[in-house]
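Taking the form predicted on its own, here's one chain by itself in structure tokens.
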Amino acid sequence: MADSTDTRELTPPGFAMGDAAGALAMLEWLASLGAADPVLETPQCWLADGPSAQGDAPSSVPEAQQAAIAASVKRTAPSKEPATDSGSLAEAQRAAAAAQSLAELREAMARFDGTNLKAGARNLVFADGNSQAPLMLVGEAPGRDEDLAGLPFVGASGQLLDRILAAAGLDRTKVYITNVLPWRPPDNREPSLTEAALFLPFLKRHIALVRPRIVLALGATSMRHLFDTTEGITRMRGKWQELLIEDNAIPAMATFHPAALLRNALNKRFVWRDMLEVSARLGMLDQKDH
């Protein structure tokens, strides 16, 4: 049976088949959905400075339109930075290790100039919630609302997170929330590997100072860097890990980021299962204490 879906819903506003403006509208729309790497008709070597050895793909789009398309894709693509500078990483490690309190850690993060992220952000987003709580949530990076407020998870995904916590009998007075990055990446793009690596010493020191009973990684970015894995979030979520922080082994789990649930509500059932697992583990730890 033919698909009865109205194709107008699957194309961007302003799209017209066969003209340069339509091509630009389509690519900008795809880029906004996260398709940041266009595929050409012939193989291209992205590591080379010049054209591919296979030759440039023919194009009927004027050069000015091609430049606009490239700029649009570049704005939404994750940053492709070189390998982490060893000097900046060493500086981050020293600054993080020297912090003896959360206040000192926040100040060290504010002073750190290993990336240029803070030049385009309004506020450092450090944490929210109760630093004495047994459950620590680690997200990805601040978005626009978080950057304006200086607090993590205050936009639409934060409101959903609050509802998830409430369903599990929790709220922000009973959890502690932070992110891999304290500064908002431009255009809300995904943190680059370099950025995440530079702030990982601060995150680990943050966890060491808070000493949570359980760490819950929200989303793929948090999971990959905390657990040092290249696995996908779908495969890893809901599985207990052991997070070693300064010789302290902490039970940890990953689940979907609330922002992902806004795009795919069906995954809410998995997050609910994960929250039940976390709540049960917290209950077991409490019983051991008593």
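The first residue of the sequence shown is number 1, and the count goes up from there. These numbers come from a predicted model, not from an experiment.
Below: the form predicted together with ligand URA, not depicted.
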Report the stretch among 198-206, 111-119, 141-149, 94-102 that approaches ligand URA in the predicted bound form to within 4.5 Å, counting heavy atoms only.
141-149
Within 4.5 Å, heavy atoms only: does R237 come near ligand URA in the predicted bound form?
no
Close approach of H225 to ligand URA in the predicted bound form, 4.5 Å, heavy atom:
no
Is any part of 151-169 within 4.5 angstroms of ligand URA in the predicted bound form by a non-hydrogen atom, and which residues would that be?
P152, F153, S157
